[in-house]
Each structure stands twice: as C-alpha cells, then as structure tokens.
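Just one chain is shown here, as structure tokens, and it is the form predicted alone.
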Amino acid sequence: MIELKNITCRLNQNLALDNISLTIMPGESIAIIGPNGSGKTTLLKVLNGLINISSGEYIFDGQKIDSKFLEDSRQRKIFHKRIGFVFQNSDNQLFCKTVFDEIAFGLLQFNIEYKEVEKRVNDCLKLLEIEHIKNRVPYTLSGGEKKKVAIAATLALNPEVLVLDEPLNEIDPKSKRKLKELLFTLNQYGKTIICATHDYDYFDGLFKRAIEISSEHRIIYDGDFDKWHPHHI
C-alpha cells in the first residue's frame, strides 16, 4: 500500500532522511524507533504528504504522491482522508471553537449529511471518553485531553492508515492503557498503524514490525518487532 523508494529529505539544508526505502502492506502495525533528531517525525510527515522530498519516490496505493498530486485540492483531501496523522504536539492540530467542531471539521470537507457527521463525532467522543468536554474550547484543555481530541478528529474520517507521532506524550496511565487497546482493536479491524514512539515497551503486543532509524538518518533495522533489541539505540 505504501512504498518509499530512496527517499532523501532535507530541512533547511540539513539532512533529515538519507536514502530511505521501505514497503508497508495494508493492516501492518509498525513501530518507528530511533533517537531524537533521527528523522522519525520527518518520515511520518513524508508519509502524510506534509513535507517535500529532495529525491526519491513515494507511492501510495499505486499513486505517486508528489507536489503536483498534492496541488490538486480534491486529490489532497481524499488522500488525507485515507491516511490520518496525529501530531506529536496537539496544538499544531487543533484550531476550532469547540471540541465538537474540531472533530466535525474534517468530515464537513466532504459531502456527508450533517446527521451522519453528528453521529460520527458522537461515536468518536464516546470512543475516546471525552463526551464531557465536547463544548469546551480546545486551547483550554489539558495536554492529555488535547491529544484525545486530535485522535478523535483523525479517527472521525475513518482512515485506512493511522500515523501517530509519540501518541502517549502528556497522557495519564489510564488513558495510555485505553489508547493501546483502541489501537490494537483498530489494527484487528484491518487498519494500518504506523507509530513513532519511545514507549515501545508500553505497546507490548501491538506492533509486529519495528523500523529503527539511526542518528545518521538511515534505516538500520527493519524486521520483526519481537526480534528487535533496544540496545541498537
């Protein structure tokens, strides 16, 4: 479903990814692991079409994803419905007046009846156990609450691929457990999960594959999660 071929990426002239190649099949659950500054977030942003690559090719479900493709707003919308991104810092993601509006925003970009939008939003509020904050202003929420709203807003679009950048940051232990269970269930239903995390131990049982990026911005391990050892870092 996803193919990266010899991707090199520079941010402000600094090398962020160096000749990265990988293939991801539908339904996989993958941990992206590596030290800070290795390029994990850059890789996730490339997958979501948020960063231009310097060289190489990104193919999503047979379609080349490049600046020309992303210039077409209709194509871009459909692409972002199929692959959802939960940012590390939720403040980069939340901008509506209420939590309800935030979760509804993406759905309202499509020709979906408002009744259906309401149903999906309420389902996501329930799923993340945040019904009680649906009328709150997002910037007044705690870090953990913001994270849950960002996840709910992404899930409302029912993406085939869910990309998460350090999703456990700022979340309390009970919510961490719930999030792990939710991701496990989504993966069981066939959704592809790609997650950059330092908390890989916490996700025990979720990931089948580990991709480790070195501080030189290259992939140094790509294989069975259970056979990967933390001493690589």
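Quick caveat: nothing in here was measured; it's all calculated off a predicted structure. Numbers follow the displayed sequence, beginning with 1.
If you look for the form predicted in complex with a small molecule, you will not find it shown, but the lines that follow are about it.
*Asks:* Pick from Q93, T98, Q75, Q88: which residue has any heavy atom within 4.5 angstroms of the small molecule in the predicted complex?
*Replies:* Only one option qualifies, and that one is Q88.
*Asks:* Since exactly one of L15, I219, A210, L22 fits, which has a heavy atom within 4.5 Å of the small molecule in the predicted complex?
*Replies:* So the residue touching the small molecule in the predicted complex, by this definition, is L15.
*Asks:* Decide whether K178 counts as a contact residue for the small molecule in the predicted complex under a heavy atom distance cut-off of 4.5 Å.
*Replies:* Judged by the heavy-atom cut-off of 4.5 Å, K178 is well away from the small molecule in the predicted complex.
*Asks:* Mark T192 yes when one of its heavy atoms lies within 4.5 Å of a heavy atom of the small molecule in the predicted complex, and no otherwise.
*Replies:* It does not: once the small molecule is placed as it appears in the predicted complex, T192 has no heavy atom within 4.5 Å of it.
*Asks:* Any of the heavy atoms of N48 lying within 4.5 Å of the small molecule in the predicted complex?
*Replies:* Because no heavy atom of N48 falls inside 4.5 Å of the small molecule in the predicted complex, the answer is no.
*Asks:* In the predicted complex, is there a heavy atom of the small molecule that lies within 4.5 Å of any heavy atom of T41, even though the partner is absent here?
*Replies:* Output for T41 is yes: heavy atoms within 4.5 Å of the small molecule.
*Asks:* Just to confirm the contact call: exactly one of 62-70, 199-207, 179-187, 32-40 touches the small molecule in the predicted complex at a 4.5 Å heavy atom cutoff, so which is it?
*Replies:* Looking at the partner contacts, the answer comes out as 32-40.
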